[in-house]
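The form predicted alone is given below as one chain in structure tokens.
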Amino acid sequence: MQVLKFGGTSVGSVENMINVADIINTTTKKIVVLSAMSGTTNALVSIAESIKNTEVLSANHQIQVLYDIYKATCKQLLSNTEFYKGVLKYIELTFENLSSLTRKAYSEQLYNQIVSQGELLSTQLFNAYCNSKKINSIVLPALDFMRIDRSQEPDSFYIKKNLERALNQLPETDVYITQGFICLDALGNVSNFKRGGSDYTATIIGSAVNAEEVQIWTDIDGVHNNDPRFVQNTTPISDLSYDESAELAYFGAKILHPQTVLPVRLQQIPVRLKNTMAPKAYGTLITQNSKGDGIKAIAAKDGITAIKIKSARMLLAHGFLKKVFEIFDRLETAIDMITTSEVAISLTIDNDENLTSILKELREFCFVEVEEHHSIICLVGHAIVDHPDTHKLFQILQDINVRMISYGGSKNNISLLVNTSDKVETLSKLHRYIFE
């Protein structure tokens, strides 16, 4: 069995849905994971924010606008078929339910209920279209088997057992269509894997069914060697290892959710990244093997805060680092980069939600400086620390004010911290130095 995931752009229009149906119409048995139609989740988040701010008129207006979009999509996709009225009724009930939620008190549970509707709508629409074209498909509800535990991690045992049960209870079919992103929490309430989590859903399912391959279909032909939004003449990378792809995803490659490869790497299930708009393109294949040494790709991560921690007594001070890191651990804030000297530590974080509390505790025993509006530029490949061409990247130091360098902590990753205002120039110059 294969698992195929299609992102919001891939199902973002009637034309694209028709294209996706053509892609999945093969003899291979498969589970298809769908995101919400592009723009839907943003609209639902905005509706939830209006409810939070008690702006009921605004929320209802946004609900009406979104309803009109889905009603028009349904008519264009399914008109003159026996499935049109059934799906239209589902859409009407969904938006009636959304309207009723505007009268309820805001909570995280209410927010999760609202934002889950996008995936539920896209799967109903797409399944009806497949059936209208005689593709043997059925909806496999993600909320019947997908659950996270109290640590917000996938409950693998629960997922595997309940997915097997759900598949056995459904009629035999060629294509099972399920929702990405959404799940239940440990208490049985609707929750989700956060933005971009449909990729994660696909590999969790891939692991549970021991798939022969997981395919992630987006609007770009695989992972590129630089960010095509900012740099010209980028090219797709044909092969990456699990480690290389994980580094790129964490440090800003938007095509992959950072945790995508985790569920499948132990079983060595390949992950293939494909372009819905160019299905014959090779894309990028992610396996346990690394092909070729040296720098393969560059990615950038924005929203970085740099913290410099100084202590005149740090030299040989037993337990100082432990004390610093315990603060970040207790306040649930991950550290991206770190460098040390005899009297100072410089580190970066990408989540400043608890920054005020962190600074308050640090200042009890050391001096602290904070710099915001930074970006991490990450260079990824196999054995790049040992590669003879790696020195080329340090030409950047004569052009850009590099604030920190992380080199040697991993053989697959070298990271540079720069001002966000210098990000695009840094990406372009590194591309020229390394790839051209």
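Throughout, we count residues from 1 along the sequence that is shown. Treat the numbers as computed from the prediction; the structure is a model and nothing was measured.
Unshown form predicted in complex with a small molecule; subsequent notes refer to it.
Within 4.5 Å of some heavy atom of the small molecule in the model of the complex lies at least one heavy atom of A36.
Contact check for S198: a heavy atom falls within 4.5 Å of the small molecule in the model of the complex. Q62 falls outside the set of residues with a heavy atom inside 4.5 Å of the small molecule in the model of the complex.
Proximity of T41 to the small molecule in the model of the complex falls within the 4.5 Å heavy atom cutoff.
The partner is not drawn, yet in the model of the complex one stretch among 92-100, 188-196, 67-75, 150-158 has residues with heavy atoms inside 4.5 Å of the small molecule: 188-196.
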